[in-house]
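One chain follows as structure tokens, the form predicted alone.
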Amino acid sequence: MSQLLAVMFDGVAFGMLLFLISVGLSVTLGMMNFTNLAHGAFAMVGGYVTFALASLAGWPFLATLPVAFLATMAIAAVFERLLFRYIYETGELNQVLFTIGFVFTASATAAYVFGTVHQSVDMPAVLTGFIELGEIKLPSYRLFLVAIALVITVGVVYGLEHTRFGAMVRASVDNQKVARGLGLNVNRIFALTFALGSGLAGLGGALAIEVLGLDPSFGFHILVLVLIVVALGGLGSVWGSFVAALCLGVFDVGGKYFVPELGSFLIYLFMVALLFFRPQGLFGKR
């Protein structure tokens, strides 16, 4: 039983990591109706910011996390203003082609600057040990991931549902003409929403180094899982992404541990089964 609980907890922690990376895409794709496949590239940017600061500049790992968030947010804001803004109304196909091309470009740039090898960072001692609960040993870093994910979930939900900014975002999405008529700067609201979502991806990418490693193909590898989380959770539903990421994490880790011959196939089986009965996702309305 203790072994089962330990494996399940690892699955929960992996699910929380997926949520941290995918929550920004849930907002931009679900609320802005923008098919942003470049989301994985911004997660990679956050990872390399943390790697550069921690491994090359000698910063403490925890101190790099807010910088990874803010740096990715700033970079995303620049690209949103220069590039992405002009494809919001061009249709899904153009959005897919442009954003996946952005991922290829970002991957090539990372390979040129940092090389193609897997990178890692040194964890502080407080995050490298275990916390014992009875007969169960829980990795400190996994507990840290779960705690951060819960805090961000509450913050994002509160920000979208109970603040003036959240109301402006929902109004801009529902009817841009009316929102502009009421004096809202829709372009600025979309830019800030895009930057915040990408910043959360960057934070998730920084936290993922310890679990998934980091290389120039990171943006492609994580993109599939992130899209599954958003699709299963339902467009625009933060809680849906949270529950979907939790389920995927448990299925993935539990499947690899208890049924290793199936590997990651269980998460795709779970996705097909769920979308067959609920095409709109767990909490999606469309």
Partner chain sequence: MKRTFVPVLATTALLTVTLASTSALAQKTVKIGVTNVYSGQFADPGAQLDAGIKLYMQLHGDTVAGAKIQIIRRDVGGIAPPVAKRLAEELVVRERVDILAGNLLTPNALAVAGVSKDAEKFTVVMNAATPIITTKSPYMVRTSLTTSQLNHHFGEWVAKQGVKNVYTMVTNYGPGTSSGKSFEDAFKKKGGKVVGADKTPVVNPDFSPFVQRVAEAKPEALYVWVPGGTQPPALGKALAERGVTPANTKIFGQGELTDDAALEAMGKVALGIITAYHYNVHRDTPLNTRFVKAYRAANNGRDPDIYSIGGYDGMHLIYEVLKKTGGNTSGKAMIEAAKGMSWESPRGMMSIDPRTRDVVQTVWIREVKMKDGKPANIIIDHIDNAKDPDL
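Positions refer to the first chain, counted from 1. Heads up, when I say rigid core I mean the largest set of C-alphas that superpose within 1.5 Å between the two forms. Note that the structure is a prediction, hence the values are computed from the model and not measured.
The same protein also has a form predicted in complex with the partner chain, omitted here; what follows describes it.
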Though only this chain appears here, would T163 touch the partner chain in the predicted complex if you measure heavy atom gaps against 4.5 Å? no
May I ask you to check whether P124 falls inside a 4.5 Å heavy atom distance of the partner chain in the predicted complex? no
Is the gap between V117 and the partner chain in the predicted complex 4.5 Å or less for some heavy atom pair? yes
Interface membership of L282, the partner chain in the predicted complex, 4.5 Å heavy atom rule: no
Among the candidates R81, R170, R180, K137, the residue which, in the predicted complex, approaches the partner chain to within 4.5 Å (heavy atoms): K137
Exactly one of V243, M32, L53, L225 comes within 4.5 Å of the partner chain in the predicted complex through a heavy atom, and that residue is L225
Given the stretches 192-200, 144-152, 70-78, 209-217, which is the single one in contact with the partner chain in the predicted complex, using a heavy atom cutoff of 4.5 Å? 209-217
Would you give me the residues of 241-256 that have any heavy atom within 4.5 Å of the partner chain in the predicted complex, in order from first to last? V253, K256
Rigid core fitted, then: does Y257 show a CA shift of 2 angstroms or greater between this form and the one not shown? yes
